[in-house]
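Two forms of the same protein chain are encoded below as structure tokens; each is given separately, as structure 1 and structure 2.
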Structure 1
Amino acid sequence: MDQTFLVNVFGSCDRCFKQRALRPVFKKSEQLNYCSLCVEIMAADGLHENETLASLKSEAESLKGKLEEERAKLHDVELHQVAERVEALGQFVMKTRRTLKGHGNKVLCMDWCKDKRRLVSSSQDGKVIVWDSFTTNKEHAVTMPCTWVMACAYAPSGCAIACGGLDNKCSVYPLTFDKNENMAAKKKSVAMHTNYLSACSFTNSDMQILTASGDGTCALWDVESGQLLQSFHGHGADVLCLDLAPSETGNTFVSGGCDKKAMVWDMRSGQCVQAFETHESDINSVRYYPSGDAFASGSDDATCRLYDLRADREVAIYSKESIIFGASSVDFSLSGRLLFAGYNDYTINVWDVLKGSRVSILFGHENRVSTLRVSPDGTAFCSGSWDHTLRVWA
């Protein structure tokens, strides 16, 4: 029962005014809450003669099939075949260099500060802690008004953190080194979703924040005013993860969710520009390749996959028959040659991105690995786990 969230919102339907389970519907970007009966009626309203929802659905499926066929024609060679000429990676040893203890429950999320030293983590105990990863000291701690703080992020300037979870909000806390300062008093509620917050990330400035939610949407917010700048609709279920394109001018981000889809979005238009649907279960984590031309995903189907945006298709699958547990979190090394993936069987697998083979397996956590991030300078990575600890590996 650990990860079951009540998704239905009950209330008065905006169309028939009856008290029912509601679904958000968007008309010209205005959100309305309709019951499922009214959603069906609305969908049927715009049908032409002799058209049914079923016939339109099958037409859409056949068009999808044709698109897949066209894509397949361009698929001439596998990535691992091209990489056969590339030199194999030598042996490398990575071990736990620091263990960060202090959370009273499952660690759910973490993020590095741009200074390559500090990191923020959030937990099921409602605590958000800022650590010095060199000394393992705790520099700040915030107690959130809810448990299950599923998302946290460090601002690019290093002067603020953002976090949220089952409170459906994203809150920003400024960080100061005045020991007597009450951080909770300076809290600013920025984003408001109709369901739990699953992920958040600052854009290239402290002034905008991108959020993903169990309500099936992503949204871009102005931190100062709390105003919604852009919303992103297209996922058919909870959005679980997002990642911003790495370039300074990048205006795209990728999201993944319970509908098994990974979607690439244009932040300016709010439109989905590419979508990939090859996973067989929920996508728990997405991360851009350092060049920004590809991204990796980790899923409950026990695989990680690499998607090339220029080729517009999946180019590699990282899996083994012996791996039967889901991948909860993925991240690339700084060069992009390695893919680190945390799994629900307590391990971290290190994959050779080009050859598709596993080059190392790291043991240490005593419960499932829930979050994993490579440090900004690429010298280490940090993993968080349901065993209440974080580990810094190098």
Structure 2
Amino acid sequence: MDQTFLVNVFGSCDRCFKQRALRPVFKKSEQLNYCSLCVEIMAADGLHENETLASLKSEAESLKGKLEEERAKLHDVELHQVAERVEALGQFVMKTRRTLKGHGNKVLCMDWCKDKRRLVSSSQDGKVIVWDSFTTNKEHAVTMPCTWVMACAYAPSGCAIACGGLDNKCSVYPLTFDKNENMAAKKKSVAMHTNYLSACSFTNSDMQILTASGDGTCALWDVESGQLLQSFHGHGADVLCLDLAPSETGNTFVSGGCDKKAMVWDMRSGQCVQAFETHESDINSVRYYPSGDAFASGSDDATCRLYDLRADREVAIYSKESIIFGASSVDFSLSGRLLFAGYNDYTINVWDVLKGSRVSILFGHENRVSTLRVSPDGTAFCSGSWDHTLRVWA
């Protein structure tokens, strides 16, 4: 007859270190030996811990439910119903006016200069190029020491550019027209994150930069000293994009991340003011509405959504069953009537913001559109793509 025996092992307990009869406990496939007294104490602690965790979880759930309720109270009409009387838009004819060729690899990011004609773009091979969009000439070029330069920005004065990527830093290069000067020599490292830099933007002056990183945080830096002025914690995963509120409306910015949340932050206090979690996948791009009262987001779930900040909810979804690829970047036209969105299926869709319908679809790129910005005066917009080119459309 077979009998199983409980073997009593004597030894020193891993918790109280007293010589007692031990019971083996497996924790994450590691065997630990505890005496029976310690096992009882830990079980009681664990129960308490679980209770607190459970009560916190249920509190969080009920708060979320309350938030939804409060938001639903304001949902009295849909945006397109408010805009019913607005004239429908006619046919749009937008074509590629300039093609900027010169990058050796995927274009990842671009930004316009305030002078409405220059733009800076960065690519996977580490090159950052400043172009004159009217003549398609390259005015400056710099090679970063890292690849995948995912973020670049033009300073408001037009005298410097900022860029960064896999080097986890944001570097500022002053632009100089002196042929003898090497741009890379004057480089200044401003931001330091613990993971890749996904987005950067100058604030209203050349003196401060806002950055977003794969480490889940955003940060505000002083360019001159490299000092961290404010950090923004709250995203549960990589932050992929950010946009500053138009200067008239104050010190806030919105960020979107891989945790499907779009969060609005107060730059002075570092606190999150509002958060929206209606997307079903990573948010690749966020852009404020020109009036500052709303923002749009583009996501891997193939939709773009408009969130109204004063009604504190999503007010429109721009999607179609035929669009199955994610939107990588969005931007508004000057009046906010049109929303341009670049998708991973190589196209750019133009949406009527008020009515929620698609106005036009633009073909031309031979690989996914990775970045899209409307020029400061609204006369044109530029799109960058993995096909190594940038196109200016008007």
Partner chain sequence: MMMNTLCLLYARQCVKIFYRHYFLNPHNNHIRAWSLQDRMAQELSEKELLKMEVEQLKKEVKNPRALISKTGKEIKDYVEAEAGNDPLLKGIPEDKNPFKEKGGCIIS
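None of these values were measured; they are calculated from a predicted model. Residue numbering: sequential along structure 1, first residue numbered 1. Between two forms, the rigid core is defined as the largest C-alpha subset superposing within 1.5 Å.
Looking at both structures, it is structure 1 that matches the form predicted on its own. Core-superposed comparison between structures 1 and 2: the Cα of E68 travels less than 2 Å.
The rigid-core alignment places the CA of S36 2 Å or more apart between structures 1 and 2. Rigid-body analysis on C-alpha atoms gives a rotation of 92° for the smaller part relative to the larger between structures 1 and 2.
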